[in-house]
Structures are given as C-alpha cells and as structure tokens.
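The form predicted on its own is given below as one chain in structure tokens.
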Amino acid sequence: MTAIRISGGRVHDPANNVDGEIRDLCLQDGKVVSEVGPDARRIDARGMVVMAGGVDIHAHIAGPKVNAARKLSPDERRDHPVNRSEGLRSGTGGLVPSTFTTGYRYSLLGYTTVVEAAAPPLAARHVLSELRDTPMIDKAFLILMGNNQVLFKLIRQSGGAVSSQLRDAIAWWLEATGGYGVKLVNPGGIELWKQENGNVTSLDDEVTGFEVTPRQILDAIAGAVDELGLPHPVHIHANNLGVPGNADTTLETMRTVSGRQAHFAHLQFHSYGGKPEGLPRSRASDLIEYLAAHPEITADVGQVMFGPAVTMTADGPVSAVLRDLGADKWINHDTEVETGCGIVPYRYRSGNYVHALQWGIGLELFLLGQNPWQVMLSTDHPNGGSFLSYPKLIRLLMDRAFREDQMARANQRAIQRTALTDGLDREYTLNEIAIITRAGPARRLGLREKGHLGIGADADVTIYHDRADREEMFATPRYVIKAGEVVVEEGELRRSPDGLLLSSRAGFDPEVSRVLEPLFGERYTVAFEHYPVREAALREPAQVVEAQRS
C-alpha cells in the first residue's frame, strides 16, 4: 500500500485531545503510523483542516425498503446521475441514489463509514447484496427485533426478564444474518397497529395475542444486548414517533432502559409536547436535561432540512398517518413475523408550522446539549433530508448569523415556540463538529479503529480547505483517504475500492437452535435451516467485531 505523509495540516482529533494542532500525519498499510520513509507521498496540508473520515451512525442506504423507495420516485433518479467512466460504475441519483452513487456521494463528502439503521433479518441477503455493491465506504446494518413474534414468546416465557435463551437467540440472529447490532422500532407497537390500527398509549399496553408489553420488550432486549457486550448498544426508535405529546413516551422509554447503555435514534421526531389532537410544541430541553444526567444514553438528532425527503421506516403507522395527510404516493408493507415498513415521498416546507417546529427542535437538541459526545449528527437519511444536506446542517451549527437568517425565513409562530429565539447564540467549533460526525459515532458503534487519528487507527482521513463558508468547506473536501489510499482529490473520484462489510459476533449456546426451530415452524413460512445467510454471502472484504461480555 501507499505510504503517505500529510504535512503541516491543522489536525482535529478530539478522541486523542488534539484540537487544531499543526502536525504531520503518517499513513502506511491502511493504518495511522508514527513515521514513514523518505519515499512516502507527501500531501501539503498547510492552511487546511485534517479530520478522521466521517462516520454516519444512522442512515437508510440498503435493503427492500430502500429499493422500493427508488422505484416509488423514478423521476428523481434522473437528478445528478453518475456516468460510467474508468474505474467507476454508472448510477442514478435523487434522494435515494443507487448503490454505486451512494458510495461515491458519501466519499465526496468525506464520509468513510455508514450504518444502515434498520433491516428485517429475513431480508439480510438483500441488504448484504446492496451493501456489497456500495463502494468506497465501510458499512454495517442493524437488525430489527422490536416486533419479532418468536422473541415475543421467549420474553413472555421469562416474564419480561433477561433469560439465557433470549441472549443466545439474539446472538444467533446476529450470526445468522451478518448484522452488526440490534434495532428496536416502535417496540410492540407495529404488531399492535397491524391488529388494531392504533398507537401505543402506554408502555404497559399488552400486544394482543402475545401477552407482552413494550416495556417488557425494551427491558428484556436492552438487557440482553447489554449483557452480551455487543460493540453497539441497543438502538431505539421509540414508540409514538411524530405524535404530539410523544416526549413523555420517550422519557419513559429512557427511564425503562436507564442504567444500561442505549442509543436513541432521530431524537427530534420524539421530542414533541402537546396533545395528539392539537399542534405540537418543543420538549427538546426536557430530553437534553435527561441525557445530561444519564451519560450511558446517547442519541442522533434526525434533523429535518427544508426541501424534499423520503420517509422510509419500519414504523408502518407513521406512513399511514402521512398518507392520510394527503400523500400522493405511498407504500406500506408487512414482513412476516418480524416488522412492518412504510415509504412516503415528502417535502418539508419552511412556512409550515409543524415542519418549522421540527427543524427548530433539531437545532435545539444540538445547541442546548453541552456534551457533543451524546448528541450526534444525522438527518435520518432520507427521512429528514438527504445526507447531502450535512454540509448545510454543519453551517447552521457553526454560523449563528446564517442560522438566524434561516430562522427568519421559517414559520415564526413555530420558531417562537422553541428556545432558538432565547439568546441561544452557541456556535459549534471544528473540534465539536469532529466529535458529532466522527469521534462520537465511532465510539458509540464500538469501532475502536475509526473516528480518530491515533497510532493504529484506520487510515481514513479527510482534508478540507479551511473556508469561512463552512457549508462549502464540508461539501468539497480537498482530499479523502480511505484505508490509506487517496480516493478523492479536488472534488474528483480517483479510485473506487470496495470498503469493508462490518458485522459483530457474540458467543452463544448452539443448543438454542432446538428452542428456535419449533418456533420458526409455528410462525415463519421460511424453513429454519434455510433462514441463515451462508458464508458465501459474507465473503471478503469483511470484518467481524467481537462482543466483550461484562
């Protein structure tokens, strides 16, 4: 591999307490090293900003729902296509780009690792196929377990407690699918909605026919993941997403899992006060206050960005609500035994009260929190907006004058119901941006060799021109280096490596198969022996992160 010396750049590496120091950075054999030889390629980074490659902890880039979303908006796929050229494959654009285009566009923004945040285990083959086709970035996926009928039975049998069978079943599912972590979406609520077309009103509502409650599901699975020592803690999309008053549900969910490590997805969509029949208001400050007192819990924001979006979620009830609000097109789908899915093309409008409030709440979550390691950058791509809007979001956080200009263009009634007009003049530093886009997500994902530039770290590096316009700066990196090779230079793709497929593994008693096989026979149309993904589907380049039991 190429040896590289990045010379004289201003390095922001908060995981190693480096805040804008001018220093050299040496790369060899895909790693950060202490020194390279005199024949190493030299990159003159004087006057530039050097950070680790970006890490997106929560996005939707592969699998059946993503593929269905592509089909739902064929007109948008004509936007910014990629033409086939030497070393590059052709691809379509739009809000839900094709696999090749997704890898290229993330790389052009300086991102080198991305997590697909919600995949039905039954669809693991599809997800793996698309992730393997997504070049240049390392990638992983989280498997959905919050509405799995087989797990419901194990939870009921244990009375909602963590059992050895439940721990072993979760570990078996990760190995069977090649997944990286466990995702709970509207736990119990999707199955309840399928049967009764209603939302969870209390975490103690019983899921009809299964004799379990959302609280028991949260408690048991969060506890099992914690005890397994998986690299990433349970990743929670709380009940009642988007419903006025859902902040109370979110706080109760946090209390239920408190004391154990947990990550809350797209917190903005779960931060609303008010009553279901009325207009929502912001409860961001209450959630930030709770986070501050519970360092074991982290969140990504799910920032809404004005303009087009595509809502895609395992939370089918949300899509049904958007349909009722007048969606032109929508899809809702049931994955047997495991989950649901809904997709609605959408547009967030600055003059709309609800949309402006969502935009404002997301910024509140970023600006009110004093610990950037707890609140990470995301738009829940493409639910709140495309990942291509990350540079604009960074500018909103770093440039108060720009933020106030954008606030003045939004629905003022909504903005007045947030803390943004209360002298909230905070501006993020470059080091804080490095935390919420790199160091924080990597640490929360348990990726010890990513998100930082210490000796032995993966040689994933982004070098930016230090521009006053932070949006332009973060939209057009000068160099992007992946695994020690320059892949982007002056906004141009130079090469297209495959990137690693990441999974995690925890030990389990193989006798759990004797427990699961008859339950599969009761519930699934797929035979138990045909369910696991075979080794051929997990072919190289792949990397397994081992669990660390406490």
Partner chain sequence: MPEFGPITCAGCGLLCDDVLVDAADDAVRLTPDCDLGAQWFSERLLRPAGAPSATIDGKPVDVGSALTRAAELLRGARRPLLHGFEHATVEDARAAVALADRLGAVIATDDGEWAGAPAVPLRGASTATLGEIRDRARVVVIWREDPESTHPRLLERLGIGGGVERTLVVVDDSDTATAGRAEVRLGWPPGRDLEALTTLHALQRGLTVRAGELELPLSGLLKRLRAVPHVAFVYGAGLTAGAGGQRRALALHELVRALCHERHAVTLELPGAPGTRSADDVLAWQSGYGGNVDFASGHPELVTATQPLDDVDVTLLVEPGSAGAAEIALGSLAAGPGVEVWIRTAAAGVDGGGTAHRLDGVPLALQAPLPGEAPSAAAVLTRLLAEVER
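This is a predicted model, so every value here is computed, not measured. Numbering follows the first chain given and starts at 1.
There is also a form predicted in complex with its partner chain; it is not shown, and the following applies to it.
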item	value
Partner contact for Arg41 in the predicted complex: its partner chain, 4.5 angstroms, heavy atom	no
Distance check, Val82 to its partner chain in the predicted complex, heavy atom within 4.5 Å	yes
Touches its partner chain in the predicted complex: Val526 (any heavy atom, 4.5 Å)	yes
Arg347: touches its partner chain in the predicted complex, heavy atom cutoff 4.5 angstroms	no
Its partner chain in the predicted complex: contacting segment from 487-495, 51-59, 504-512, 64-72, heavy atom within 4.5 Å	64-72
Heavy atom within 4.5 Å of its partner chain in the predicted complex - the one residue of Lys194, Arg156, Arg400, Arg409 that qualifies	Lys194
Candidate from Arg105, Arg478, Arg132, His232 lying within 4.5 Å of its partner chain in the predicted complex - any heavy atom	Arg132
Residues in 325-346 close to its partner chain in the predicted complex, defined by a heavy atom within 4.5 Å, in order	Ala327, Asp328, Lys329, Trp330, Ile331, Asn332, His333, Asp334, Thr335, Glu336, Val337
